[in-house]
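Single chain ahead, by itself, as structure tokens, in the form predicted on its own.
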Amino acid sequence: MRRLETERFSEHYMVREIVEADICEVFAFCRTNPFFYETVGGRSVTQEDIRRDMRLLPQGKEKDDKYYTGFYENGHLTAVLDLIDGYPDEETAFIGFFMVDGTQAGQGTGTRIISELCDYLKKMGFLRVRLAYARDNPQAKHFWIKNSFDAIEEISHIYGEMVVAERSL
């Protein structure tokens, strides 16, 4: 079984797994992006939502396949990433959630993180990265297209209509 090293997800940011004690910090962080929550579920995030997301796994995956991580710069939580190793197949890494601090939007932070992450995942033998974003979120669509993700299908989800996108590594 492959085990990813979260500290190698980025060369620029300090990366570590988010734990229960970090929920208040992640909650405050998520509130910097209210538009995201308007397009996914139509309501504000709660601490219980974060707690649930930290444990949420796709069918057939185990706790050790999940990396719910924070990217820190100078002690400040800059981004949160939920990554599933080997989903939907062993050659694919799945981004279940990715958010950059809303005060840093448009400054290249997200692109830098995704670029470094994809470089690492390629070194680890992955062939592609997959994710889904809300169809009604033009910011997400723009960001993922800019970062070389191509839409491959649309699906209905509990959070609404989603676009599944993929990037070859």
Ligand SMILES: CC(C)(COP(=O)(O)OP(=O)(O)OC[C@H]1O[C@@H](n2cnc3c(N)ncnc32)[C@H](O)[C@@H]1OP(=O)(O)O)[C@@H](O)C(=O)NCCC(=O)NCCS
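Because the structure is predicted, anything quoted here is derived from the model rather than measured. Position 1 is the first residue in the sequence shown; the rest follow in order.
As for the form predicted together with the named molecule, it is not shown, yet the points below apply to it.
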Self-check item: 4.5 Å heavy atom contact, Asn137 to the named molecule in the predicted complex
Solution: yes
Quiz item: Using 4.5 Å between non-hydrogen atoms, is Lys63 touching the named molecule in the predicted complex?
Solution: no
Quiz item: Heavy atoms within 4.5 Å of the named molecule in the predicted complex: does Met124 have any?
Solution: no
Quiz item: Is the gap between Leu83 and the named molecule in the predicted complex 4.5 Å or less for some heavy atom pair?
Solution: no
Quiz prompt | Proximity to the named molecule in the predicted complex (heavy atom, within 4.5 Å), stretch among 66-74, 97-105, 115-123, 50-58 | solution = 97-105
